[in-house]
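Below you'll find only one chain, the form predicted on its own, shown as structure tokens.
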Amino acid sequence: MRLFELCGEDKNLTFSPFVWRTKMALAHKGLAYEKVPCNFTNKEAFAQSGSKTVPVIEDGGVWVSDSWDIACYLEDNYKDSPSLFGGDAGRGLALFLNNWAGPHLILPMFHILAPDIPQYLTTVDAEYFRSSREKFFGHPIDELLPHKEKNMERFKKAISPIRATLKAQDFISGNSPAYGDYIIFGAYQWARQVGSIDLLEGEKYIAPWFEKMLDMYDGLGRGAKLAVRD
């Protein structure tokens, strides 16, 4: 199996929140894979998948893209390994969380992280990142900087369901981690690797959970490369 993942100018800096969902899912399943780092503008390596974004896996000639579709593929095709969802009901709830996380976790976080990211990319990738995100935001990403405090306030409000859940139980998924945890973990790991602000400061319930997640699977998350900041 091969996993195609997003990297910065340093190919060891692989920081996509969606790829991290897949990495944790593969570790949960106990599946070995080859890492194939790809830049934002280098998509030829996984063009056969038909996808323009990572994560993408190639498993014995079968191509699967999109983190959710990959999770379902792994669950359905590797049934003898630990379940990512714990059954149909768990899969349904994980799908809800997958859909919730985009607008309510990743997007508010992106408003905070976006200005930090270009410095860790190749020149070509940084230009692509700025131009494509400028179209998304409707203005240069550097214009987000003066609003960082307000964006932090919005982010802190948005994550209240995560905070409340982890106040009541050890993991997002209950007594033990499952795919719902990997969805949330991927976002915080992204911020840990490339962000200049500690998004876990003061988080009484989320921060201890994240520390546990970093140590899972022989420290898979904790051992990840962090961006070297100027």
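In this text the structure is predicted, and so the values were computed from the model without any measurement. All residue numbers are counted from 1 along the displayed sequence.
In what follows, reference is made to the form predicted together with another copy of the chain, a form of this protein that is not presented.
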In contact with another copy of the chain in the predicted complex (heavy atoms, 4.5 Å), from 173-181, 55-63, 42-50, 28-36, is stretch 173-181
Under a 4.5 angstroms heavy atom criterion, identify the one residue in 81, 77, 160, 132 near another copy of the chain in the predicted complex.
160
Residue 137 within 4.5 Å of another copy of the chain in the predicted complex, heavy atoms
no
Contact flag, residue 88 vs another copy of the chain in the predicted complex, heavy atom cut 4.5 Å
yes
Taking heavy atoms and a 4.5 Å cut-off, does residue 114 contact another copy of the chain in the predicted complex?
no
Within a 4.5 Å heavy atom cut-off, is residue 99 in contact with another copy of the chain in the predicted complex?
yes
Within 4.5 Å of another copy of the chain in the predicted complex, do 95, 164 and 168 each have at least one heavy atom?
yes
Do any residues of 100-134 have a non-hydrogen atom within 4.5 angstroms of another copy of the chain in the predicted complex? If so, which ones, in sequence order?
100, 103, 104
